[in-house]
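Before any questions on binding or motion, here is one chain by itself as structure tokens, the form predicted alone.
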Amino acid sequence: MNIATYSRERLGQYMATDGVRFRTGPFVVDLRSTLPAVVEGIHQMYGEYPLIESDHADFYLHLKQPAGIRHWWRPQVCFALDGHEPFKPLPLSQAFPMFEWALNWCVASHMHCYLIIHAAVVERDGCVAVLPAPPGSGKSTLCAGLISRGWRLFSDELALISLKDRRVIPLPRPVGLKNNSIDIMRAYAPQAVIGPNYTDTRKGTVAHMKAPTTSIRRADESGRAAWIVFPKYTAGAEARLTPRDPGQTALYLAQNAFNYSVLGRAGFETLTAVVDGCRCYDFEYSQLDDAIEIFAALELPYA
């Protein structure tokens, strides 16, 4: 069974009482909420994710409105993990984006069996491209473009690298589109399911693009890192792939890993092994079609 087995009404009933327990990538999430926007977002974006009958979940999440005047005046939404509220409330209109941000935080802050790097991740023929980049670089737009043209989505935000075998672990969830990239992807991938726009968030206007069905169904199939590509969108630029120094690449990844310092030697050895096994590039682009063509021609670093 998956989440779409339930109607929106029945899903809302379960989420309001015992909660729903479902799997995303290697993690089981137990989610409770009475908020219609959260129920709608989960039904639309997570309908194909499997429901789990288990006594254990990795994360017990609750999204709710705070008590008191904020329940009515300028209403807000709170996020709780295991009964604790680690963040300040957000406007109620941002309830579903808060779920997405909160789940990212849960994984990045607690799952130290992986080296976790802030990056989009896509895969082709068992070979993984890791796309680390700061906000505003066009990372999510490039990721969305690639998965709309046959690449498999591992993650839009979190590269999970196993400390045991250094393989990259899929965590396929909705791609977070921001500002101009929303309309770009609505036009570039009209077949994709893109949810409503949420305005005035801390990231501007955001919307979510549903993960492709194949990516969801293959969420237990890991891959080997083959390329580390730092994308940068520049208006009017010709698509260009430039080799990048592996040492600089490793330093940047260490600085942008959520738990590198926590993992100590294991984190260092995992990161350096991954970089040593990859081709590293800077990539500037303006047109998605050009980017798709260049990524299709990437050469493997190994036989």
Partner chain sequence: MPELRNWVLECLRQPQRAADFSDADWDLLIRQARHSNLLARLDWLFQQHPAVQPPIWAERHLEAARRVSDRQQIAVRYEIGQIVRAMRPLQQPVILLKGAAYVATGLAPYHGRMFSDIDIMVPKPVLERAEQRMLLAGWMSAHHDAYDQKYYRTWMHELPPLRHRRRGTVVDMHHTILPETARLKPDAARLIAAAVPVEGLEQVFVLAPLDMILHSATHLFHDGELENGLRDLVDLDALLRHFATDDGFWPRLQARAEEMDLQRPLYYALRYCRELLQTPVPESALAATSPHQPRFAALMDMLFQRALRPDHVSCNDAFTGLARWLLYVRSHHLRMPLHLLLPHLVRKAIKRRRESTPLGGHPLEKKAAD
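Numbering follows the first chain given and starts at 1. Keep in mind the model is a prediction, meaning the values are calculated, not measured.
Separately, the form predicted in complex with its partner chain exists; it is not shown, and the next lines address it.
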item	value
Contacting member of G195, P75, P89, P174, with respect to its partner chain in the predicted complex [4.5 Å, heavy atom]	P89
Its partner chain: the contacting residue among K203, R217, R167, R186 in the predicted complex [heavy atom, 4.5 Å]	K203
Candidate stretches 20-28, 291-299, 278-286, 7-15, one within 4.5 Å of its partner chain in the predicted complex by heavy atom	20-28
Non-hydrogen atom within 4.5 angstroms of its partner chain in the predicted complex for each of E221, R224 and E269	no
Contact flag, A102 vs its partner chain in the predicted complex, heavy atom cut 4.5 Å	yes
is_contact(W151, its partner chain) in the predicted complex, heavy atom dist at most 4.5 Å	no
V262, heavy atom within 4.5 angstroms of its partner chain in the predicted complex	yes
Touches its partner chain in the predicted complex: D58 (any heavy atom, 4.5 Å)	yes
Residues within stretch 91-112 having a non-hydrogen atom within 4.5 Å of its partner chain in the predicted complex	M98, W101, A102, W105, H110, M111, H112
